[in-house]
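Just one chain follows, in the form predicted on its own, and it is written as structure tokens.
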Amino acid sequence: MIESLIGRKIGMVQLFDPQGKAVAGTVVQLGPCTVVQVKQDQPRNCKVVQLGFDEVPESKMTKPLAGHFRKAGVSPKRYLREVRADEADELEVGQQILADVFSVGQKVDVIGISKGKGFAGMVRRYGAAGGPKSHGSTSHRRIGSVGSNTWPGRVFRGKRMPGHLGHERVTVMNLEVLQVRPAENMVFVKGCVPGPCGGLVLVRRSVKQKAKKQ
């Protein structure tokens, strides 16, 4: 059983549940993903499958990577990811994995790269309160003092300060699958997922599923 699939975020839509309530969802194009390699991960003591996604001409590949695909007998792919598989021995190199590995109502985690926002200050980046808002203040949105006494005499690593915002790996957990359309390689998940439209995402089976309320 494949635990994850590579896909691409298409955009957000509005769906309606059986009660007629509007639900915000995100459309994700999942696959088709091609099995490029099946191997044993020694450190984690588990079987892993290397999946390829998005066709690309061989002229766009480096020679080592082109040889890797040629050896597997698979057309070159733009993206490669290694994912865990419970029954990896049943998978064959060149086999295509479609979106039907997920089912309606299943909980999934979506991993992607968030939108880059560029340089941001403390108020926008971390939601800081800022300085006094009254007339005469010159530090409305400034960080304030980060100085220290004789000890430690330095700024600790990890101190929240202005800097680059976004463009980092983000995982949104426990999203519900609303619809699955294998013929179109489409999966609709409840809520939003990280990244821009067209961005690469990894959809995996939820690893920290919340317990149902009694």
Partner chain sequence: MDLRKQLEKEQMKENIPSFSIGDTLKLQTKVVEGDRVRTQSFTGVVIARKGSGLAERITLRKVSFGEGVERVFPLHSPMVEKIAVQRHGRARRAKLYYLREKVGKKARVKEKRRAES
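Positions refer to the first chain, counted from 1. Just so it is clear, the structure is predicted and the values come from calculations on it, not from any experiment.
As for the form predicted together with the partner chain, it is not shown, yet the points below apply to it.
- Mapping the unseen interface onto this chain, I10 counts among the residues with a heavy atom inside 4.5 Å of the partner chain in the predicted complex.
- The shortest heavy atom separation between F69 and the partner chain in the predicted complex exceeds 4.5 Å.
- Shown alone here, C192 lies farther than 4.5 Å from the partner chain in the predicted complex, counting heavy atoms only.
- Looking at R181, you'd find a heavy atom of it within 4.5 angstroms of the partner chain in the predicted complex.
- Here the chain stands alone, but in the predicted complex its contact with the partner chain, taken as any heavy atom within 4.5 Å, falls in 184-192 among 48-56, 170-178, 148-156, 184-192.
- Taking the partner chain as positioned in the predicted complex, the residues of 6-41 that bring a heavy atom within 4.5 Å of it are, in sequence order, I10, G11, M12, V13, Q14, L15, F16, Q19, G20, V27.
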